[in-house]
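Take a look at this single chain, the form predicted on its own, given in structure tokens.
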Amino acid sequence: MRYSGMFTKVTAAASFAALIAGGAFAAQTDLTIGLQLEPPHLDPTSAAAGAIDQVVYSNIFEGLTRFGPDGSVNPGLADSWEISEDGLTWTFNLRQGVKFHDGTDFEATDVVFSLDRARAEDSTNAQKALFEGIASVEAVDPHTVKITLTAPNGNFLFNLAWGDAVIVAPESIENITTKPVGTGAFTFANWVQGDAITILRNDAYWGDAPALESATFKFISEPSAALNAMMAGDVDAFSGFPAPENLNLFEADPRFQVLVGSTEGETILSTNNKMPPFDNVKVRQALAHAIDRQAIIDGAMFGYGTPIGTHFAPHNPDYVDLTGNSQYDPEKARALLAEAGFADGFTTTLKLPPPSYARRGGEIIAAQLREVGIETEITNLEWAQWLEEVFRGKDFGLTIVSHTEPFDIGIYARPEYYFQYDNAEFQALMDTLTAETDPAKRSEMITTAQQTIADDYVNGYLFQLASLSVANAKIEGLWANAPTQATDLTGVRWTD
């Protein structure tokens, strides 16, 4: 029996060592991450909803180039490229051995298909303007693509990194909205609408395999529900946490980490520039002076956010602080309204999408506008309604939205865009900027662009949205900053 007992101890120790070696105590490989907004569908190349990119960018779909966590533009499905001396011809060398999730090969013809589809006359791509300068796309051979431009474009690699420029395949395009097939590190698995989307690790991925075997995006729209889900452990992380007033609870709890970073999200009081009385610049100027930005940041975002005076991100080296152009001044606002013929004020609509910055901020702004005689009829819309009525239908007076696309001041050169600003000089400036490659000259033009839209009071410029995320303390690899609308899980892992 003595020998039997000794054998039992040795066997137990050996078994314990085997368990460790076999991974029984390995780090967790699944993740549930909360998001406030559910995407309307899963095709990033045919809708304006940033919630689509939040799920699919880099995870499922990839482009020729891609954004890094610091906002840099890096190689994607193209590992290198050459530019002709005149700046008109770009030759992209594609990665070899890449397959779509359905097993088909990624080749140059897929790039031709994707870019031709994005720039087609009947294209529904929300950022179709990104591709307007393309004259032709040609497959030189299966792994080489030649893109010819109508004019040099200093933003071209940047444009190709957008979610709207990801590469799709003709074989799977028919069902892309509900069953997306890309080349990314994860494959689409399931979508329980109104609840969650699950993705699985792509074991045939061309690049570094992600640490996560599976991930579930859980959609929780209510801030209080987001708080409860995190505290209960129902979600492991929450990207874009919608209840900033509760971040102190997580900061004080060692189970969690709080990530505070910057975004590309210019949060604005969007104004319908063609709808009377907002077709009068004095009315728009009055609107700007009626707004107390800091009160909105404090009341809606509990202090998280940076005031802005134009449509440009403060962390960009070319940013100009123009907040003084529209300082809070209710008396000046009332005087401007009187000059414009609205001494007794007027009534307009204020249509608000779901995010808490819009719903909470809308109530504060409505009260501020009321002080100068502007009454607002508030309507709370779901995203599908907002996209239909406001973005596409242009049926609004005012709305609040955060424009989270990177370096998107160019939207002010599109008169058909939903706030309908039409300035020929600004449009010419943007054309010149696009063709310019000299950094100093580009900076000068970017400064002029910021000043122009600030002086025209195109919109009410509120604040740069902060990137606020909460996560289990054992998770690493989540992006603190949000240089694009993405919840990139390719580098996320659990620590032991």
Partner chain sequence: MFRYILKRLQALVISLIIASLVIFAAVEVVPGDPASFMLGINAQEDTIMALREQLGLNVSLWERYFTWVTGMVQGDFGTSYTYRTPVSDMIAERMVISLPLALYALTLSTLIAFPAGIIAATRRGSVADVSVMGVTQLGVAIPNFWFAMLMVVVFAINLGWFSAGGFPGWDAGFFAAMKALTLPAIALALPQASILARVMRSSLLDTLSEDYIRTARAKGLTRRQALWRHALRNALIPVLTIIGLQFAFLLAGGIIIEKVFFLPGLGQLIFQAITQRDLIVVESVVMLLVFAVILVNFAVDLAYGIADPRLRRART
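None of the values given here were measured: they were computed from a predicted structure. We call the rigid core the largest set of C-alpha positions that still match within 1.5 Å between the two forms. Numbering follows the first chain given and starts at 1.
Not on display, but discussed next: the form predicted together with its partner chain.
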(Q) Going by heavy atom distances of 4.5 angstroms or less, which of 256, 426, 100, 219 would be at the interface with its partner chain in the model of the complex? (A) 219
Q: With its partner chain left out of view, choose which of 466, 47, 454, 433 has a non-hydrogen atom within 4.5 angstroms of it in the model of the complex.
A: 47
Q: Considering its partner chain in the model of the complex, find the one stretch among 324-332, 145-153, 367-375, 192-200 with heavy atoms no farther than 4.5 Å from it.
A: 192-200
Q) Wondering, does residue 442 line up within 4.5 Å of its partner chain in the model of the complex on heavy atoms? A) no
Q.
Considering non-hydrogen atoms and a 4.5 Å limit, does its partner chain approach residue 234 in the model of the complex?
A. yes
Q: Consider residue 403 of the chain shown here, and say whether it contacts its partner chain in the model of the complex, taking contact as heavy atoms within 4.5 Å.
A: yes
Q | Exercise: residue 132 in contact with its partner chain in the model of the complex, heavy atom 4.5 Å | A | yes
Q) Even though the chain is shown alone, can you say which residues of 368-392 have a heavy atom within 4.5 Å of its partner chain in the model of the complex? A) 382, 383, 384, 385, 386, 387, 388, 391, 392
**Q.** Large Cα move at residue 238 between the shown form and the other one, threshold 2 Å, rigid core
**A.** no
Q | residue 384 C-alpha relocation of at least 2 Å between the shown form and the other one, rigid core basis | A | yes
